[in-house]
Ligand SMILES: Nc1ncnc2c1ncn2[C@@H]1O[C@H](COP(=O)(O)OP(=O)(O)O)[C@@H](O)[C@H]1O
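Taking the form predicted on its own, here's one chain by itself in structure tokens.
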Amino acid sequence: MAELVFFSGTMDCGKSTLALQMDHNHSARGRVGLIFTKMDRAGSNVLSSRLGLSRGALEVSDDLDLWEAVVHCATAGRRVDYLVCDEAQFYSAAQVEQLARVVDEMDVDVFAFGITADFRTELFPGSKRLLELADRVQVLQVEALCWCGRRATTNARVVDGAMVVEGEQVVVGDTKSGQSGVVEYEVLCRRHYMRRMTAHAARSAALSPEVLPFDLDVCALPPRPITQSE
């Protein structure tokens, strides 16, 4: 029985590495699959891992109908046993529904990999629909770590060294630059996400002898009650 499975997690938790491993494992057993991705950090038509592994893939454009793409392969005589869909957070809700249709009507397994929430901690449309439709949702067990050593749960956007919480939902980072400056991403624990404390900000604070080990402006203490003697 075919399934739609969503593998989710923050950046740096090994989603793309697992996607490549899944494809390898299934193809090694004689199964035939298709690999899809969208806006991979290495460019178009490639699924890449931060470990340096990569594989050619089909780029998912905004107007691509995934149901029709798989049907076209099948009617052309090509066997399709499974799909590996990386960067699935960037797919549209309609494209996720097309993947579900592939599972239900063609009995093809679909393994989708993606980030659940954006830098504002809001769900991506593709991830939201996957959470709603997937037969199984698996949070990856390889934990990404915040700079403090705690488990990272959020993806922060950093522009020119400063964390931001407003802007377009999708901006590819790592090497991109433009009018808004150099865009990077960093994984943080909830505590340091709420404090807007990135690794760079923490280092800067540590270098200053005048800074306390926590930010009173962000984590303000409640006012001290006035006693009768005062």
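Bear in mind that the values here come from a model prediction, so they are computed numbers and not experimental data. All residue numbers are counted from 1 along the displayed sequence.
The same protein also has a form predicted in complex with the ligand, omitted here; what follows describes it.
Colleague: Out of the stretches listed (192-200, 62-70, 43-51, 22-30), which one is close to the ligand in the predicted bound form, meaning heavy atoms within 4.5 Å?
Modeller: Residues of 43-51 come within 4.5 Å of the partner.
Colleague: Counting any non-hydrogen atom inside 4.5 Å, which residue from Val142, Val159, Met106, Cys148 sits next to the ligand in the predicted bound form?
Modeller: It is Val142.
Colleague: Output the sequence-ordered list of residues from 1-28 with at least one heavy atom within 4.5 Å of the ligand in the predicted bound form.
Modeller: Thr10, Met11, Asp12, Cys13, Gly14, Lys15, Ser16, Thr17 sit within 4.5 Å of the partner.
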